[in-house]
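Heads up, the chain below is alone and in the form predicted alone; it's given as structure tokens.
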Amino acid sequence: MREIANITARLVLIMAVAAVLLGFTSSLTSAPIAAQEAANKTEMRKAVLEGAAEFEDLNAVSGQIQAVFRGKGAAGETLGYVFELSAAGFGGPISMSVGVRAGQVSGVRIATHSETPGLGANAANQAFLSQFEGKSGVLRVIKAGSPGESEIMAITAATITSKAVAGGINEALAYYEAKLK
């Protein structure tokens, strides 16, 4: 019985020391991690709204839209808007940033996704995302043929993912037209 109590006391001591060390490590790393995440988000915003020097959070949330930022130039003029949103893809949420300038898509970047490698994951490729640049209005995804002015060619075998990305972009464009134009 004494041996079990001795082993139990040692295990409790080891777990307590481990918990303290984990807590200490977490407190040391949480601020640098948060700063890096903020820097990554700023870089993504700059990638979808070229020329913007700073971003003002408009504290707007609507449907898939999680945040809206006004992109300002060096002189403080409004260059456009960046929408951070989450669309429901085939494998789960697709987090993306969409830049809108003068009612047209200026850029799209996928931040995170859980789509199938080699299929839906191709939505993060610039070859797919560049189709949206310069588009406005309501965009439609097609599977075959030559895309028209308001059409986007779906990723082969990933129509759900393609429609999710287009749906998110449509929501950003609609929000811009209704509330920011």
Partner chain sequence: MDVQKALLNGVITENPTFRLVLGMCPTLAVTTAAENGLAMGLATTAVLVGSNLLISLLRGFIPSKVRIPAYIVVIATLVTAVDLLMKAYLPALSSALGLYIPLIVVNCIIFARAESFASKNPPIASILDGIGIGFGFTLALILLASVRELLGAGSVFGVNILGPDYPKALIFVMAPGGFFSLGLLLAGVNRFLDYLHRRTGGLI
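Numbering follows the first chain given and starts at 1. Superpose the two forms; the largest set of C-alphas matching within 1.5 Å is the rigid core. On a predicted model such as this, the values are computed, not experimentally measured, just so you know.
Keep in mind the form predicted in complex with the partner chain is missing from the figure; the text below concerns it.
Residue in contact with the partner chain in the predicted bound form (any heavy atom within 4.5 Å), chosen from 33, 138, 144, 61: 33. Between 66-74, 53-61, 151-159, 129-137, the stretch whose residues reach within 4.5 angstroms of the partner chain in the predicted bound form through a non-hydrogen atom is 151-159. Though the partner is left out of this view, residue 125 does not reach within 4.5 Å of the partner chain in the predicted bound form, counting heavy atoms only. Contact check for residue 39: no non-hydrogen atom falls within 4.5 Å of the partner chain in the predicted bound form. In the predicted bound form, the partner chain stays beyond 4.5 Å of every heavy atom belonging to residue 47. Put simply, residue 178 is far from the partner chain in the predicted bound form: not one heavy atom of it is within 4.5 Å.
Counting a residue when any of its non-hydrogen atoms is within 4.5 Å of the partner chain in the predicted bound form, there are no hits in 97-112. In a rigid-core overlay of the protein, residue 39 has its C-alpha displaced by under 2 Å between the shown form and the other one.
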